[in-house]
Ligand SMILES: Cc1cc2nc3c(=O)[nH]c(=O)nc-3n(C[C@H](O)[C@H](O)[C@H](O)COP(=O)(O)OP(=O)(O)OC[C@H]3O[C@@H](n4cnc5c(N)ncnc54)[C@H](O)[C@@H]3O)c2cc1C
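Only one chain comes next, encoded as structure tokens, the form predicted on its own.
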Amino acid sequence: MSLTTLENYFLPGSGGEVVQLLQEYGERAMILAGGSFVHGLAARNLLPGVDVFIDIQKLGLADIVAGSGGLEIGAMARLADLASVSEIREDAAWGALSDALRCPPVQIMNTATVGGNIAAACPYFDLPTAFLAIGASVRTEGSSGSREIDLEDFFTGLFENSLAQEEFLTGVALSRPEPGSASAFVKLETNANDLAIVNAAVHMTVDESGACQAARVALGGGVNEIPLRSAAAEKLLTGQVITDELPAKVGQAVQADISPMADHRASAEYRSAMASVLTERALRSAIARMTGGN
């Protein structure tokens, strides 16, 4: 597919219009946000039959609102806008998101949107892994109204999500983290412009005794067809007093939950090994943030 083959391009002014267009054109239609990944999808023949674009830039979905309950991030917020939010830059609990937003080149930061990054359901993207670790949910609008979906229930397969045919993503919500929380994200890539070969993010909450009361360990970058949480790593980490030996053990534990893919950039065996290494590094970075390190 090339842009010259499009039959229709729509610029609706309301969510209701978007839903109507999705109902009318069905699988022929695609929501257009920043558009930074459209060429990549077309080049991989992942847009068969799509000849209608529905551009949502006029829906007023670019706001990022911080409140006592957390953050509400509009689907059309650019990555650069999100990176500039002081709560994300300064709160150790959202450190994984801050880390992930340091990865894309400036052209992507200024063009790509938060909603598009999530809705694409690309396992090699960075934000889904970071958002998964810090417990994000997505907001949607469709013919049955609006709903909120936990991010871990949103991804259903390679480039596939749980949105209904006539439904689109309107934003991402983050709850205010518990005191004593910190998170971190680590990525393996071939160069500064590359998608992740493997990425990992860890979020943890530690009590006054130094024991981990809650943990979320997320991985992406081809360790599965979707970004995922490692139940084995989280179980090992939760309830444990943080020691210098624990991060390596948690890193090894993720092996129970991943099914790495092989492609021209990395073998399944290499991704498997690096998943453990990056999980360990992410956990050590989160611990350093919790204890006052960078």
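Note that the coordinates shown come from a computational prediction; the quantities given were computed from them, not determined experimentally. Just count from 1 along the sequence shown to find any residue number.
The next section is about a form of this same protein that is not shown, the form predicted together with the ligand.
Taking the partner from elsewhere, Phe131 is found to have every heavy atom lying beyond 4.5 Å of the ligand in the predicted bound form. A residue is said to contact a partner when one of its heavy atoms sits within 4.5 Å of a partner heavy atom; Gly157 fails this definition for the ligand in the predicted bound form, lying far away. In the predicted bound form, the ligand lies farther than 4.5 Å from every heavy atom of Pro260. Not displayed here, the ligand is kept clear of Leu236 by more than 4.5 Å at the level of heavy atoms in the predicted bound form. For the three marked residues, Leu32, Ala112 and Ala119, a heavy atom of each sits within 4.5 Å of the ligand in the predicted bound form. Residue in contact with the ligand in the predicted bound form (any heavy atom within 4.5 Å), chosen from Glu87, Asp81, Glu72, Asp194: Asp194. A heavy atom within 4.5 Å of the ligand in the predicted bound form is found for one listed residue only; from Gly142, Pro104, Gly135, Gly222, this is Pro104.
Exactly one of the stretches 247-255, 35-43, 226-234, 64-72 approaches the ligand in the predicted bound form with heavy atoms within 4.5 Å, and it is 35-43. Of the residues in 144-178, those that come within 4.5 Å of the ligand in the predicted bound form through at least one heavy atom are, in sequence order, Leu163, Phe168, Leu169.
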